[in-house]
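As a starting point, one isolated chain is supplied in C-alpha cells, in the form predicted alone.
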C-alpha cells in the first residue's frame, strides 16, 4: 500500500488497513491506512518528518485507553507507542527514567519492587507513561504532573527536554501543551519518595478495590468520557440526573459509573457520539453546565506535528 514514502528505515511492525478497534480499549474504530508499532524513538521521529514532507495525516496514540476513532477509520498513519519503547532505569533511589511506551500498571509493579512510595493515587490507571503524561492523568488524589522532574518530547523538529519549574507551565487539568500541540512525549523522569512501603501497598490495594467496585473495568470503554466541572464529579452529576443506564444501540452510560460510556456488544462510533451528545444536551438543559470531553478523537483532520 502506497503512503507516499518508503518504510525501509522502520524497525518495528507495520500493519496496513488495520482496524483501530483492535487497538482502542473501547473497541470502536475503522481501519488506519497504516498503523506503526515503533521499536525506537527514531522510528517515531523519522516517520513524523516523512509524513510532514508528504502531507500525510499522522497521529500518535499510547495504549488506546482514552481514545475513540470514527467508523470510517483514519486515512493516514497511526503511530502506537506501547510495549516496545518501555525501558527504564533508576538514576538514584528516588528518581526513575522511563520511556513513553511503558504501561502505568507495569511501572507501579517496578516501583513497589524497589520500595518507592508516593504514587499510589495513579494505581489502576491503564495507560502508558507517554499517554498519561500528555493527558496529565490522575484522580481526585493527584495527577502525574506532580511527580515529574523531566519530560522529553519531540516537537516535529527536535527532541527537547523540560525540567523542574518549567514543568508546571506545561500542564493543566487533564491536559497539557504536549496534547494541545500534538508534541510526542518520548520519556520522563519521575521523582518519588522512600517511605513506608507497606503503607503504599495498602493504599494501592484500597484504590484498586475502589476502582473495581465503582468503575466498569470489565467492559469495553475508554475511561472517563468527560472532565469534571467546577470541582464537581461529572459521574455523580449524570447519576443525579437519572442518566445512568441510558442507551443508544449498543452504547450505554455505565450503570456503575455515570462518566463511562461502555460498548456493550458492537457499538458504533456514531452510536457512542449520539449518546454523548444526548447526555451533554440533557445536562445543559437541566443544569446549564457545558460538559467538556476528556476522551480524545482520532480525526482525519489531525495533521502530523
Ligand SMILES: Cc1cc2nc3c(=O)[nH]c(=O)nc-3n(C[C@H](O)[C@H](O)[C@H](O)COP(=O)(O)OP(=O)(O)OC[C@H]3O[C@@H](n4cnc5c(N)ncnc54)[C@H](O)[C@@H]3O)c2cc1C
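Positions refer to the first chain, counted from 1. Just so it is clear, the structure is predicted and the values come from calculations on it, not from any experiment.
Unshown form predicted in complex with this ligand; subsequent notes refer to it.
Remark: of stretches 243 to 251, 263 to 271, 54 to 62, 28 to 36, the one touching this ligand in the model of the complex is 54 to 62 (heavy atom within 4.5 Å). Using a 4.5 Å heavy atom cutoff, none of 110, 147 and 192 lies near this ligand in the model of the complex. Interface membership of residue 174, defined by any non-hydrogen atom within 4.5 Å of this ligand in the model of the complex, is confirmed. Although the partner is absent here, residue 294 is a contact residue: one of its heavy atoms lies within 4.5 angstroms of this ligand in the model of the complex.
Of the heavy atoms in residue 69, none are within 4.5 Å of this ligand in the model of the complex.
With a 4.5 Å cutoff on heavy atoms, residue 203 does not count as touching this ligand in the model of the complex; it lies far away. Listed residues 83, 161, 114, 139 were compared with this ligand in the model of the complex; 139 is the one with a heavy atom within 4.5 Å. Note on contacts: among 97, 211, 227, 106, the single residue with a heavy atom within 4.5 Å of this ligand in the model of the complex is 211. Contact annotation for 144 to 161: no residue has a non-hydrogen atom within 4.5 angstroms of this ligand in the model of the complex.
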